[in-house]
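A single chain comes next, written as structure tokens; it is the form predicted on its own.
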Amino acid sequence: MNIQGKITLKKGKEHSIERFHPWIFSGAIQAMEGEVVDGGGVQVVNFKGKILGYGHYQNGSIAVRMLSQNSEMPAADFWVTKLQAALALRKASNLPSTTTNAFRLIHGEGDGLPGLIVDYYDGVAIVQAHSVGMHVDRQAICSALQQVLGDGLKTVYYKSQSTLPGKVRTPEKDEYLFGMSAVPHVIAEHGNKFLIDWEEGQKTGFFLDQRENRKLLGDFSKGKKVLNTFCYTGGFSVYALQAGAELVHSVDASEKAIALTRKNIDLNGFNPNVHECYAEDTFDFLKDKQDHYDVIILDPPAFAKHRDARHQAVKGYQRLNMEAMKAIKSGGILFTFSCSQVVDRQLFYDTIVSSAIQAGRQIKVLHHLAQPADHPVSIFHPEGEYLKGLVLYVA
């Protein structure tokens, strides 16, 4: 990380950094010296000149994303050290394992690297930058990945065209930084097989954050009729079938998603007679399905990506869950999720309570669900918790 600029904070604005929060907002800045450029490295000091740490500067509301919160200048092996620490956390969580060879290696603020996501798919690392600074340092990140993962790394694909700020995104394109691997690429997750297409698929190609929740679904699926809505690649469907579900229906408005689901069902060798796909809107699909399913999964995309959309998102979650509660059999199990960061856990819970009241069903909470250990949340950055879920018993 090349440090060329210096940022001085206004009096009193250093407190959040001293509590190890990784963001500095533009309104907290008193002065800027040296080369303070978009994506460049900066030293951050308080109003008395005390060094608070170092980070990436970006022209925007979040002006600095802190990468080091001590007085020492980041060393030459900064990226390698950060990646080694992240890999150690995954190994402590038994990732990879004999049955799982795909996991998130870097989860932004949770790993002390705000603006960076790295997903690992059995030899392939997908790098996604959400800040200009990470985009500028992408080659250094690629080199560090090669050093830390060694022979376990065959390919590094940079997929940030859709996640970078607009001013940076326009001239850029997704590209291979190291090696090249054919897509789709097969990974293993708790013994189940999935095809990954990082070039054309959503996000980095697969939603690794639902891994443990998919596994839990298996405990409720044997001999049951299961509906997986917003199915994308059919992850929950595969786990339900593996657990011995009597029937599984997968629903997604995207024809492309349905095609991916069919491929993953075939890849795992399941009897096609017990699974069916529907390219249909979930709300429309639920209208005439009362008492048909024992288990329903609601895993919609983020209904709100910023605070201005939160009210409408809550209304969407409320309606979706109400319709599912009305449709499910008595004694059924509902897995329901929100991945909207601006809808916090309490608001999501309250929304589900409202849905239950409107549906007129008696509901018991069996599990509170969250993102897995390879998507860690820094205790100093609670905003990093984005995935909320509940397993509900519907009487």
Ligand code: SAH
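A quick note: this is a predicted structure, and the numbers were derived from the prediction, not measured. Sequential numbering from 1, following the sequence displayed.
Same protein, other form: the form predicted together with ligand SAH, not shown, and the subject of what follows.
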_Partner proximity in the predicted bound form: Phe230 to ligand SAH, non-hydrogen atom cutoff 4.5 Å_ = yes
*Touches ligand SAH in the predicted bound form: Asp252 (any heavy atom, 4.5 Å)*: yes
*Indicate whether ligand SAH has at least one heavy atom within 4.5 Å of a heavy atom of His135 in the predicted bound form.*
no
*Heavy atoms within 4.5 Å of ligand SAH in the predicted bound form: does Gln210 have any?*
yes
*asked:* Given a 4.5 Å cut-off on heavy atoms, tell me which of 90-98, 321-329, 278-286, 155-163 is the interface stretch with ligand SAH in the predicted bound form.
replied: 278-286
*Looking in the predicted bound form, is ligand SAH within 4.5 angstroms of a heavy atom from every one of Trp79, Leu105 and Gln139?*
no
*Contact residue in the predicted bound form, from Val118, Ile196, Ala257, Ala144 (heavy atom within 4.5 Å of ligand SAH)*: Ala257
*Can you pick the one in Gln84, Asn268, Gln202, Ser181 that has a heavy atom within 4.5 Å of ligand SAH in the predicted bound form?*
Gln202
